[in-house]
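Single chain ahead, written as structure tokens, the form predicted on its own.
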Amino acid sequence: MPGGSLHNGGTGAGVRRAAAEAVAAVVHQGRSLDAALNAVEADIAAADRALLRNLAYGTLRRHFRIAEWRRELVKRPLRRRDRIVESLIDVGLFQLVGTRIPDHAVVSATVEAARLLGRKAFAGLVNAVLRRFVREGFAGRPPVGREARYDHPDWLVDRLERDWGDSAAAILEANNARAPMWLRINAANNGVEAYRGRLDAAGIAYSLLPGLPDAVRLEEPVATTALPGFAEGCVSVQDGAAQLAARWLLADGGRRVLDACAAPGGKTAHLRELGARVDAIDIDGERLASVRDNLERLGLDARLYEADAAAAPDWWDGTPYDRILLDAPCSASGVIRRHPDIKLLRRDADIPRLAALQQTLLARLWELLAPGGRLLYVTCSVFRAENRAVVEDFLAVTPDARPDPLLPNNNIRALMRPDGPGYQIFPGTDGLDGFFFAPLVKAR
């Protein structure tokens, strides 16, 4: 069945069915949204997959507000086996408030999707709920609960308010917005200026950010197939904040680099584009394959290790590294706008466990750094427990480690908030994702 377009709705029941299945997999089964979408996309025409992704991402981005509406509209909870209907209603409610699809098309396609889901008995309920939502002006009602007001779980709001006080509201608002598409131009493949000219010729509008010489931020996202020279390795998709790491690490030399926890490989590739010799390690073989694929497309190479970065005797050749990039596993709380399922999949209890892992990796990898070398500790988190606290605790017990005041250039100072021995970027700052950086130097 055709999916219809984002603007006119079409018949589109199959797309709504698939979106409900993906949302239900996240909400009720704890699967990642990427995995859930991969499982349902095969049955959706290529032309309709953008709509599918818009519906799934948008529904999860506004999950808590939508759930509050649904609980008011559906007084009696559905049985566990019928919870897919709740997710379908959520997808329908998102369409009514988050797209330009006409209301009648939303109702028609979503009701038909109930039948495709094998829930024909609930078609009348879906129809009544969506029509009542429109008729009674639910979209204009102020949220009642705190989670609905911020569209985040309470524990996450609590952490942000403890860590950042009055700035927490801006972080939460940024998390609920759609992230822009950033590109990293391969300086080793062609000149940065020359590639910008190719974007101009293709009619792809973009803007620049001082301090990010390889980056452009697109005014509107485009398919990678529409990017000039993408298949030939001229350009990659990578957030602007993530692009800071490679130049920061290499700012004053050092060419033998370890990229720990390297997948999916954006920073590995950037380091190679800038001329570093890179060993890249990741514990997940499937994710490490994505590093290899990225390098091959860009015409680059690196030594890849499938291993635990903290277990150096299993893979390290004993030669110290000039530079180490520790892109530590974290809560990913700084990239929620790209991965709204994080709001549902992450738990407050995860943060201490992650902080302990970060401490272990930092201590073990420090042993691999040459005297006078630099380690850049990076997370895509905005929680101090994973950032400032981890680095401060490490410095307190590591006599030969000290914070490094070097920045790759002064233009990036305005993007970051100094926080203890590191620097925090809040999500939404000049279109960037939320990242923490702590550069550390080893005494000679």
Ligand SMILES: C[S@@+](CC[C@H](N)C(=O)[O-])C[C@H]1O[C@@H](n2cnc3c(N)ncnc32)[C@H](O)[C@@H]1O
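In this text, all values refer to a predicted model and were calculated from it rather than measured experimentally. We number the residues from 1 along the sequence you see.
Only in words, not in the display: the form predicted in complex with this ligand, which the text now covers.
* Asked: Can all three of Ala262, Gly265 and Asp284 be found with a heavy atom no more than 4.5 Å from this ligand in the predicted complex?
  -> Every listed residue reaches this ligand in the predicted complex, so yes.
* Asked: Which listed residue (Asp151, Glu86, Asp327, Asp341) meets the criterion of a heavy atom within 4.5 Å of this ligand in the predicted complex?
  -> Residue within 4.5 Å of the partner: Asp327.
* Asked: Ok, Leu96, Ala289, Ala310, Leu116: which has a heavy atom sitting within 4.5 Å of this ligand in the predicted complex?
  -> None of the other options qualify; the answer is Ala310.
* Does Leu361 reach this ligand in the predicted complex if we count a contact as any heavy atom within 4.5 Å? -> Although this ligand is absent here, Leu361 would touch it in the predicted complex, with heavy atoms inside 4.5 Å.
* Which of 87 to 95, 158 to 166, 212 to 220, 300 to 308 lines the interface with this ligand in the predicted complex (heavy atom within 4.5 Å) -> Correct option: 300 to 308.
* Asked: Out of 105 to 140, which residues reach within 4.5 Å of this ligand in the predicted complex, heavy atoms considered?
  -> Result: empty, none.
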